[in-house]
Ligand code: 9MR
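Consider the single chain below, provided in structure tokens and representing the form predicted on its own.
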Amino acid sequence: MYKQIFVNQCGYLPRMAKKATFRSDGPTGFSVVSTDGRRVYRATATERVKTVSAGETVYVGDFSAVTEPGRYYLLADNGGESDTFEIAEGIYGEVFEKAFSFFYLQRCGCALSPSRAGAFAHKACHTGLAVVYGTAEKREVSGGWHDAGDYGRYIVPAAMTVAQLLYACEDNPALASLYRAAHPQSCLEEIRYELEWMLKLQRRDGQVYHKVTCRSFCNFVLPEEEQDELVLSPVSVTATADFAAAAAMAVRFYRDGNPAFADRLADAAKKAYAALSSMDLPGGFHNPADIRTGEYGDDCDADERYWAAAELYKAFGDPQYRADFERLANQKIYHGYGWADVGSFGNRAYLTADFPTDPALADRIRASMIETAQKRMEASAADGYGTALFPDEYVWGSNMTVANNGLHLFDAYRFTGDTAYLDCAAHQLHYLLGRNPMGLCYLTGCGTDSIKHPHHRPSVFLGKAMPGMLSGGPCGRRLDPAAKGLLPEDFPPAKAIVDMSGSYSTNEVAIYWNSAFLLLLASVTAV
């Protein structure tokens, strides 16, 4: 059915700002209708927004005044009808639980039981030794989470994922407790499964291998059926620095409940950071010639060193870590919550350290973070669906950027108390859950019209989408055969998604896309 009204299909907290997008030739009246037939609110969508990324002009209507719990839909005077949605406290508990359960379902190196994994149960996988690339040495590196739609495991995105999940637990413990209520272990216990694997990729000299994969991607099979030799790709600065940062950050989360594990993390973080001083690998990591799995290359490692210095200073208070961070920050203030740009993690660590910091530098960092958020506010205001992406930012994994933009906006709300930033951050969540030009809930198994055919090997093999996975989202470049065959070159970038398993550039999934979504969800619902 051709949609004319776009809303968050998973619902709204009563206190949230609530906007809907209307495809209409002009301003249109609309009603908020309860599913029992009551018309509870009447308004007109008058805000006209030319949305370049979607190639259309739309109208925006506000129904924030509706706060009474219940199930509703919007009915336009021209006959258009939205998906149904709910307004209630606690409305996102199931969404959080499904999105976090994805990490258990992505576990590598152990059998998943039918009682917890259902149709996605499988035997232990990837338990063999991995050869260190270019040598005869072999190492035991089982465990961790499969990174994405493939079965590789990569340190750089793993560190980002761990950091965002730890923050989600810290920012909204109420949501984290819902996961514990539905599962035999806590969020922190699940995160530890990844951290234990990360520890295995550290060498004796402190440096960290970039990834463990086979030499090429396998076919669409279950994980235990990928039997090719595992290979540890060479060490990298970005992997070593990100590892140091994530391990140092994790120390405070495990210190009370598991001090022995916290001590292991602390030792590993310090050892990795010390190793950075002798690592000079310009140009970043590149795949060896015969390795064709995910590269996660990054030719700038200054922001990774920046994050590591800040996290180790926050964790341990050593003045050298502070000096290292401040030296880098005085050269440039970095931003980013993604796998390639991690500066915002460093900023957050420095600004929340219990040890002395430079007040003037802290003020400059906060001002720069607010400026970053302000640019996102401007992008959102120019988009009829509320997303803070600029038209040229619909790249592979654009939905991760949507979520991370929400985090930048939420940072500004923390600093200023200005609810305009909070509302704009929430609009990024609403976009991901249905208020987007495709009218899709980008989280599988949620909402009324969600992604059905993600590029994800177990889902393809079993013929059903694993629930709780965030699709990568629209990509303006045609990077896979499905996208090239179905999307004309002039197709609007915000609509350039193909809900087919073959479209890895628009419809893959990844642990670090889910973590970005979960941290955004935890942040905007904790207020």
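We number the residues from 1 along the sequence you see. Note that this is a predicted model, so its numbers are computed, not measured.
The next section is about a form of this same protein that is not shown, the form predicted in complex with the named molecule.
Among 322, 122, 408, 455, the residue placing a heavy atom within 4.5 Å of the named molecule in the model of the complex is 455. Contact annotation: of the candidates 73, 217, 316, 261, the single residue with a non-hydrogen atom within 4.5 angstroms of the named molecule in the model of the complex is 217. Proximity of residue 298 to the named molecule in the model of the complex falls outside the 4.5 Å heavy atom cutoff. Using a 4.5 Å cutoff between non-hydrogen atoms, residue 415 does not count as a contact of the named molecule in the model of the complex. In the model of the complex, the named molecule stays beyond 4.5 Å of every heavy atom belonging to residue 104. Contact annotation for residue 303: none of its heavy atoms lies within 4.5 Å of the named molecule in the model of the complex. Residues of just one listed stretch (81-89, 250-258, 181-189, 217-225) have heavy atoms within 4.5 Å of the named molecule in the model of the complex: 217-225. In the model of the complex, the residues of 494-527 lying within 4.5 Å of the named molecule by at least one heavy atom are, in order, 504, 508.
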